[in-house]
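Below: one protein chain in two forms, given as C-alpha cells, structure 1 then structure 2.
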Structure 1
C-alpha cells in the first residue's frame, strides 16, 4: 500500500478549475481523477478508494456541503479539502465542523495547491474527533495565517475559541486576522480580550502597543 501513489479526486463543475488543479498536481506524482458534480463525486468515491477529495462548495445539483457530509460519514479514510470562492468564512466554519481537513480559496497558484495537498497527505490521518481540540485548531490557524489563507484561518480560530474560550492565544490570533483585513478597531478589542484573559500574555501586549494610533510598523505577533 505504501508504495502506491496517493489518489486524489477533484470535484468541481468548472472545467477550467479541474484542468488547473490536475495540471498543478499531476507533476507531483499523484493519481488524479475528476468529478463534474456532487453526485459524480460520490459515485467515484464509492467505486474506488481516494486519499484526498478536493471539493468545490458551490456546484449545481447536490452542493459541496452535502457531499462533504456524506463523504465524512461513509469514507472516513478520505481527507477533504474545500475549495471556495473568496470571502466565504461562514461556509468555512461550517465545513470544519463537518470534518473538512482544510481549505483553499480561489484563485490559487500551482505552488499553493501543491503545498497544501502535500501537507495534508503528510499530516497523516488525524481523526476529526482528535482535531477538535484547542491546540490543533490553533496550530492550523497559525499555519493558515502564514500562508495568507485568511478565511480558513478565521474558521480555525473560531473553532479554537469554541473549544476553549478561556485562553488568550486564539483571541490574539483573531485580532491579528482582523488587523490584516483592515479592521483595526476589532483587532484592538480582541488583543485586549486576550490580555484580560492573561495579562502576562506577551504577543497580545506587543500587538496592542504596536497597533495604536498611528500604527507603528512592526511584525504581527502570532504567539
Structure 2
C-alpha cells in the first residue's frame, strides 16, 4: 500500500512566496495547497485535513495570529509554522503559547524551508520511549511546544542538556521557554550560554539581540 503524501497548506498573500514554497516542497514529494489570505486558509482547513500549515504572520484582513488562534482551537492536529519578515517579541511569544511549531523568517532559501518542514513532520513519528539521545529529546521538546505542553517541553530540553551539555540548541530553546513563562533573566542567561558554546549560533544571537529596552523588533528563534 502506498504511503499517503504529507499535505501542506501555504497561507501567504505574496504570490512569489507561495510559488517559491510550493516549488521547493513539491520537489520533496509533499502535496501542496495554497491560500491567499487568512479567511481562505481557514476555509481550506475546514474542507480538508493538512499535516502542516505554513502561515504568514502579516496578511490583509485576518492576520496570521488570528488564523493561528482559530487553527489551534479547531484543528489541533495541524502543525503550524509562522512565516514572517515582521513580528515582535510579544506576538512571537503568543504564537508559541498557541502551539506554533516553529518560525522561519523571510527571506529564506528553498533548502531552508525543505529542511524545516522535514524536521517538523519527522517529530510526529517519534515515540516517547525512543528518547535516549540529545536529538530525540530536543525533537520531543519542540513537539510538546506544538501541543502546548510547555512543562513537558521544558523537561525534555533539560534531558537534552543532560545528554550533551556542550551544544547550544537546547540552551537556546530553554531560554525561549523561560521567556514564554516570563523569566526574562533566566532566558537571557541561557541565550548567553548557547552563544558561549558556539559564538556563531544565530538563533541565540537573534534572541539575545532583543534584550534591549525597549525590545528590538524580531521573532523568537527556536533553533
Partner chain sequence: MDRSDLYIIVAGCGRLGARLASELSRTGSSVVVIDRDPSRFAALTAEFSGFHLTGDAIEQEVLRSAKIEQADCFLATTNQDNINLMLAQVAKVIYGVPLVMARIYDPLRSPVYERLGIDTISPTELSAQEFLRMITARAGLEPASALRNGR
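Each form is matched to the other, and the largest set of C-alpha atoms that superpose within 1.5 Å is called the rigid core. Positions refer to the first chain, counted from 1. Quick caveat, the model's predicted, so the values are computed rather than measured.
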| item | value |
| --- | --- |
| Number of the structure representing the form predicted in complex with its partner chain | 1 |
| Core-aligned CA displacement of residue 146 at least 2 Å between structures 1 and 2 | yes |
| Large Cα move at residue 11 between structures 1 and 2, threshold 2 Å, rigid core | no |
| Core-aligned C-alpha movement of residue 35 between structures 1 and 2, 2 Å or more | no |
| Core-referenced Cα shift (Å), residue 202, between structures 1 and 2 | 20.7 |
| After superposing on the core, C-alpha shift for residue 171 between structures 1 and 2 in angstrom | 7.6 |
